[in-house]
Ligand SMILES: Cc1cc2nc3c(=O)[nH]c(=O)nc-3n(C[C@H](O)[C@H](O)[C@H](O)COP(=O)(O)OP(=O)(O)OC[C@H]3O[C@@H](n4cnc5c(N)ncnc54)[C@H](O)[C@@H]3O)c2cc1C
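Take a look at this single chain, the form predicted on its own, given in structure tokens.
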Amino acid sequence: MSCNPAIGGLGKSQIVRELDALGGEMARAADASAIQFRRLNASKGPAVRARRVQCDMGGYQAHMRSAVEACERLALLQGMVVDIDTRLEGGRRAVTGLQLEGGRRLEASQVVLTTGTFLRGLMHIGLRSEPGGRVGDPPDVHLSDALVGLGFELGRLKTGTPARLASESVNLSGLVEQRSDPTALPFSHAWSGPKGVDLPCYLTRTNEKTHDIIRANLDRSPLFSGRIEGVGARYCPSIEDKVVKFPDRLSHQVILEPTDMSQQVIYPNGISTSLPEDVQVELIRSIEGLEEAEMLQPGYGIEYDFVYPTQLRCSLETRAVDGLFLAGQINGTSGYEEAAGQGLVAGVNAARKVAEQAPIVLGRQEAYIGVMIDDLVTRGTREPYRMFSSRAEFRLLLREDNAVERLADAARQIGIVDAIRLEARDAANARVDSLVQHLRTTLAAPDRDGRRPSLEILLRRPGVRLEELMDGMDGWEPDLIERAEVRIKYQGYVDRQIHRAERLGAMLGMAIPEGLVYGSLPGLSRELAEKLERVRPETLGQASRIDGMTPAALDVLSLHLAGHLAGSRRGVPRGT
């Protein structure tokens, strides 16, 4: 796992559900190693509800390793990549293999790089810095040079992690306990295992003394002394960053999370830091419950290289080198869920290219994964990108509860989900359809006026829940109950959003010829033409989201594309 012992959260859980719908493993690994299930925003609308599963980190790793080792026709090799071999084919550069440290070479027509924080990784604790991809692991110091040599533009980002604490040294008696929800909602659509062990987390807070300690030592912080050059995550800042940026806040929440079933190690979520070790001990012990805490491992900041993602296609294949795919933090994202979504798309498309099949590209109206990838390759990023529900224009369509339904066609096209699971999903869909039909045709008891509204009409009323209308719901999975309820309560809103998505999609889905010379189009400014040449959008929709795109410029493009399409239908050579 990543440093955080949890999967999901706001804007991220939809990605995990989508991964499961498409055949990925993350959801099942999280459910298999769960020690706590929680539902976030449960009282809000379905577009912003989210799951979060606290995991046993060792159990998660064991599940993933077993899944990989059991995969047919998959060989596991270990080594440090130092170079990417390529050759020119028809004027374009294409991957031929990888060079490993020590002289070994791996031949490959397609390569997927998922480098995490290891590209020239540099760890910071106070004013002390040392090379590393994470504690105990060396960085890759050669691959960045190889990428630059192939013509890629690289940037520098920063992330961080809090200290790890010995559980036996923490006083939990006066803290707020946080347990699993009474109804455990797993991530996987087909999980039939145990519903977690329910180990509690505990809530505490920083205080003015904590903040005074931090302010007094900012000159020893690599973040504020200029030693860290990379840009950090705006939405997941270090504790020293919070104290400086929000001087009026008297405290910040800290969640004490067990990292595994043994409960020997505590992860203090909320106080990520790269301050010196002695300062970390002092600030930790200023927090309620942590007055005598023993630090097992200090927190640290880490800088690493990334590739500006506008150099990628929507398939996550690079524009400069055929057969080279990038996924995860190398593309500027922050978070395990975001990396997994990219990993599935890049891996699937690399395999499809070997089989000479067209790439799978998920649209913004189909999946959060599609929103994320489109954001990255169209707009780019210069800070760690994190998924939020607010990034999705059609978030009511991209809910947790309907991931299987909306991605059914893509799942069948990809072919990872086995026939047994597909049949189980079809059966679940049929049960939901049957329940919705039952609610529409079943009349309730007469009201005061003698009228008998259907159960569907009653369910649409504010505050009414499906369990209140029907007896015998005990045999129904919570997911299926929610799907039926959401379908009825929000159908009008969903229909309007579907209509809007279809209307926009008809125009914005127009394909842009790959060789289009934007500088030759009258009506486009030189600045915008240069941006379009750099990004090379694949559709009019992508072009519309480029920074600086104006309605007038979009009209110029759409008129050109319409003429190009009409010309191609008349037999005029494409690209003229």
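In case it trips you up, residue 1 is the first one in the sequence shown, and so on. Source: prediction; values computed, not measured.
What comes next is about the form predicted together with the named molecule, which does not appear here.
S.K.: Could you check which residue among Val244, Met80, Ile360, Ala108 gets a heavy atom within 4.5 Å of the named molecule in the predicted complex?
M.R.: Contact with the named molecule in the predicted complex is made by Met80 alone.
S.K.: In the predicted complex, which of the listed residues (Thr318, Thr378, Ser389, Ser334) lies with a heavy atom within 4.5 Å of the named molecule?
M.R.: Comparing distances to the named molecule in the predicted complex, the residue within 4.5 Å is Ser334.
S.K.: Where does the named molecule sit in the predicted complex: which of 286-294, 87-95, 445-453, 114-122, heavy atoms within 4.5 Å?
M.R.: So the stretch in question is 114-122.
S.K.: What I'd like checked is whether Cys3, Asp140 and Cys236 together line the named molecule in the predicted complex, meaning each has a non-hydrogen atom within 4.5 Å of it.
M.R.: Answer is yes for this spot.
S.K.: With a cut-off of 4.5 Å between heavy atoms, is Thr259 one of the residues that contacts the named molecule in the predicted complex?
M.R.: Answer no; every heavy atom of Thr259 is more than 4.5 Å from the named molecule in the predicted complex.
S.K.: Answer yes if any heavy atom of Ala339 is within 4.5 Å of a heavy atom of the named molecule in the predicted complex; otherwise answer no.
M.R.: Ala339 belongs to the contact set for the named molecule.
S.K.: Using heavy atoms and a 4.5 Å limit, would one call Lys12 a contact residue for the named molecule in the predicted complex?
M.R.: Result yes; Lys12 sits at the interface with the named molecule in the predicted complex.
S.K.: So in the predicted complex, does any heavy atom of Tyr368 sit within 4.5 Å of the named molecule?
M.R.: Tyr368: no, not in contact with the named molecule in the predicted complex.
S.K.: At 4.5 Å, heavy atom to heavy atom, what parts of 306-329 sit next to the named molecule in the predicted complex? List them in sequence order, or say none.
M.R.: Contacts from 306-329: Ala327, Gly328, Gln329.
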